[in-house]
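A single chain comes next, written as structure tokens; it is the form predicted on its own.
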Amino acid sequence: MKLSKRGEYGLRAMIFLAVHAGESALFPIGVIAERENIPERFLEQILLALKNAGLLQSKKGAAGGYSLARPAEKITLGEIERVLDGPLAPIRCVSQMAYQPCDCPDEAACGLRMAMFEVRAAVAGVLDRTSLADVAGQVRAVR
């Protein structure tokens, strides 16, 4: 798994929305982009993907903007990352979402595959058990 700029920016935007959820019903894309130092054009594409995945809701117009589609406790970092960057597996033969056989002569006895399966499981474990509410709470505690 490699966290792309798309994944990084999407996670930062979603965390922003979780941290500031009580301040406003909707946040305009320009506000999110400015506060998180994200290029607005790129953020538009990212937020649209998250909206299409059912993680965000939006309203158009002068009073429009974005908000979380579900409570922050019900959205995990893993769910967001999979929408934006795809499978979490570092190699395709250990992916649970996009498995593809590898070139190994014996996949069942492949040491690399065994090690990368552990990597995938560790990364997925952290991301899938960490909700936006968890991270928002950590941010608020530091501030």
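We number the residues from 1 along the sequence you see. Treat the numbers as computed from the prediction; the structure is a model and nothing was measured.
This protein has a second form, the form predicted together with the DNA, left out of what is shown; the following refers to that one.
Heavy atoms of no residue among 76, 117 and 120 are located within 4.5 Å of the DNA in the model of the complex.
When the DNA is considered in the model of the complex, residue 100 lies well away from it, no heavy atom lying within 4.5 Å.
Contact annotation: residue 44 falls within 4.5 Å of the DNA in the model of the complex, judged by heavy atom distances. Interface residue remark: residue 138 is not counted as part of the site for the DNA in the model of the complex, having no heavy atom within 4.5 Å. Using a 4.5 angstroms threshold between heavy atoms, residue 63 counts as touching the DNA in the model of the complex. Checked against the DNA in the model of the complex, the residues 51, 35, 113, 70 give one hit for a heavy atom within 4.5 Å, which is 51.
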